[in-house]
Structures are given as structure tokens and as C-alpha cells.
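Given next are two forms of a protein chain, the same chain in both, each as C-alpha cells and marked structure 1 or structure 2.
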Structure 1
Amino acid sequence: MKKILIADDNADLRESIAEVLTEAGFYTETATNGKEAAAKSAETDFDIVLLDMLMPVMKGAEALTEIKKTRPAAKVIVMTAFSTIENAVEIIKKGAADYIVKPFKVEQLLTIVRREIEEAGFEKDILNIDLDRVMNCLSNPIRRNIVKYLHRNKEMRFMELNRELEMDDHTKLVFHLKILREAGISTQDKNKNYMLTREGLRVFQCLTFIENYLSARSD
């Protein structure tokens, strides 16, 4: 059962939302301010957090930051009465999954909640990745390079890769390709061309993210 946390200082609204969502088949908890919301979120892994922006003790914006810190995977839907585009942009950049303007109809909220739930499921499923193995693959610069080349060239022959990577001993490349294959990152088609799998593509994207995120480039 999907778990939803509702944070709003207005008791009426809070309870009525909780009621609706409970009826709709979700497990709900409530919080009356940002601090409480952050604490409950740290404690329980909610799928969705409905967060009012204007609350006492801790504002929603701050709570949002806190929540994302402990639960980066949680989908936070921000509710606000004071709405401008700048505002919305700011909130989404801070990591909110969506933004709903008060007053809203229950139907609207339900639609958004369901969409986010679906998205969360979509993002998580399908892929079959062994994090340990993948990290192992990425820990080796040769393999990181292979992934990059395979992404760039879509598909490559063995010797092509060998030349690009300037490998001295071709069996060394065989070795690394095997590891990538066993980790589900690369495959071969019937013509022996090497290419990334769907998972491999994901891994590549992670890799570029990491490199962008961690590398200091002087400019």
C-alpha cells in the first residue's frame, strides 16, 4: 500500500485530504508543520509527501530540503496559495515532484497523486541492475571508457574498440568486455557487434552525471 504524508497547518484541509486519500486506498499520516513533516518522513519511507508552503515552525521550502536530504526518492507535491511562475520554478528546482495551487479540487489532487505514484513505479521497475556489480564495473577506468565508446558509436566491432582504446593485448579487452556483459551493461548481437543494453545506457547516463557533478574543470 502506498504511503502518503500530508503536511498542512490547516486542520480542516489536512483531515479532509487525509480522508479522501484514505478512501482512495492509500495509507496516510499527517503533520501540522514542516519540522514534524521532516521528522516523520525521516522515520517512514513515504512514497508521496503533500507539503503546504506556508506553515508555522518550519516553512515548506525548508522542509522540502530536509525531506529530500533523507529521502531523495520521495515524491514531494507542494501545495500553495501564493502562486507565481517564479515561485513554481523555484520549488521544482528544489526537488519537488509537482506543484498544485490552492484552492484545488480533490479530483485534481488525486490525479496528481496517482500520476506521481505511477511515475515512481515506472522509474523503479523494469530495470534489473545489480548495484554492486555495476559499481564494480564503473570503478575501472578501462571499463568506463568502453561504456563511453559504446554509447557514442552505438555498436562496435571488437577490433574497433581495441584500436580506440589502444589496448596492447587484445585479450585484456576480452576480459573487461566479459565483466561488462556479466553485469548486464553490454551485449553482442548476432554479428558479434558490441553494444550497450538498456541498463547499460542508464549506467552511461549515471557516469556522465557523476563526471559532471564531481569534476572540477578550470575554465
Structure 2
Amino acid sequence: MKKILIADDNADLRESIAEVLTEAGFYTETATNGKEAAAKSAETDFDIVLLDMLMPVMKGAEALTEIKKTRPAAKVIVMTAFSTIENAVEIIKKGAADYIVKPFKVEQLLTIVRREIEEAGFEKDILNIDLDRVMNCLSNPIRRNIVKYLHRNKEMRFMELNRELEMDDHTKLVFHLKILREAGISTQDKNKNYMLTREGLRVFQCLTFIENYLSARSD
């Protein structure tokens, strides 16, 4: 179960957020000020820290700095009533993963929390991947398409792959499949069906992330 720390001096809002997140399947803890949030974060590796900017004892910005000292990889989502470009840039510079402007809707909060948790999982997967080997495999468009087809169809026979790729030379497909197998990205079952390995699934996520990023930059 994913763990979320909610830090806000407004008791009603704090408990309301905790209730929403608990109902959504998360484990939650709360803090009433920045100092308490920093201390709890040092004790427990929370998946997400929801941090209000204006709190007594220690303000959110200072607490954010302290949290990042003990938990550099922490995903901190700042809650603020002030939404300016300058404030947003400053918050991100200090290490926040994202921010949400009060008052916010439940759906908006859940969307941000789930997205950050998904990205955190992706980042952990990336650390376990041999990027040089993976990028070498994915440098070829045929191999990229094989990974995509195997992810979409779960498992495929050789001729099914060949038909999707529209390849006249079967030996080329054999060559590319051999590279993917040797890289640990794909495998075959006892029925000779091709499929992605666990690392292959992470590679697909990596490929999708890169393509989405490049697409967003070109818009």
C-alpha cells in the first residue's frame, strides 16, 4: 500500500484529504506543521508528501528543503493558495515534484497523486535498466516496433510478427528477435510464442515515456 503524508495546519482540510486518500486505497499519516512533516518524513519513506506552504513552526518551503535532505527521491506535492509562474518555478527549483492550487477538486488531487506515484515507479525501473544496452536495442525502428507489438498482443508467433512488420526477408526478423532475446527484452515460451520479459515491459515503459516527451516538445 502506497504511503502518503499530509501536512497542513488546517485540521478540517487535513482530515478531509486523509479521508479521500484512504478511501482511494492509500495509507495516510498527517502533520500539523512543517517541522513535524520533516521529522515524519525522516522516519518513514513516504511515496508522496502533500505539503502546505503556509504553516506555523516551519513553513512549507523550509520543510521542503529539509525533506529533500533526508529523502532526496521524495515526491513532494506542494499545496498553495498562490498560483503564479514565479512561485511555481521557485517551488520546482526547491525540489517539489508538482503543486496544486487551493481550493482544488478531489479528482484533481487524485490525478496528481496517482501520476506522481506512477512516475516514481517508472524512475525506479529506469535505475534497474542497463541504459546503454537498451538504447542500442531500441536504436533500430524494427526492434522498437517488435517491442510495441509484443506489448499490445502479449504474445505472438513468428509469422504473426512478420505479417505485422510486413517484412519480406524472414532472416532479418530472426536477427532482430535474436538481439532482443540476448538483451533480455523478449523471450519464447514452450509453444514458441514470443513475448516481453519483465525487463522488456520496463523497456516498453521507457520507450513510451521518451516518445511522449519528444512528442510534447514538438507540439
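Keep in mind that this is a model prediction, so the values were computed, not measured. Residue 1 is the first residue of structure 1, and the numbers go on in sequence order from there. By rigid core we mean the largest C-alpha set that fits within 1.5 Å across both forms.
Peer 1: Choose the one of the two that is the form predicted on its own.
Peer 2: Of the two forms shown, it is structure 2 that corresponds to the form predicted on its own, while structure 1 does not.
Peer 1: Would the C-alpha of residue 31 be classed as shifted by 2 Å or more between structures 1 and 2 after rigid-core alignment?
Peer 2: No, residue 31 moves less than 2 Å.
Peer 1: Is residue 47 one of the residues whose C-alpha moves 2 Å or more between structures 1 and 2 after the core fit?
Peer 2: No; that C-alpha moves by less than 2 Å between structures 1 and 2.
Peer 1: Please state whether residue 161 has a C-alpha shift of 2 Å or more between structures 1 and 2, with the rigid core used for the fit.
Peer 2: Yes: residue 161 shifts by at least 2 Å between structures 1 and 2.
Peer 1: If the core is used for the superposition, what shift in Å does the C-alpha of residue 204 show between structures 1 and 2?
Peer 2: Shift of residue 204 at C-alpha, rigid core superposed: 20.6 Å.
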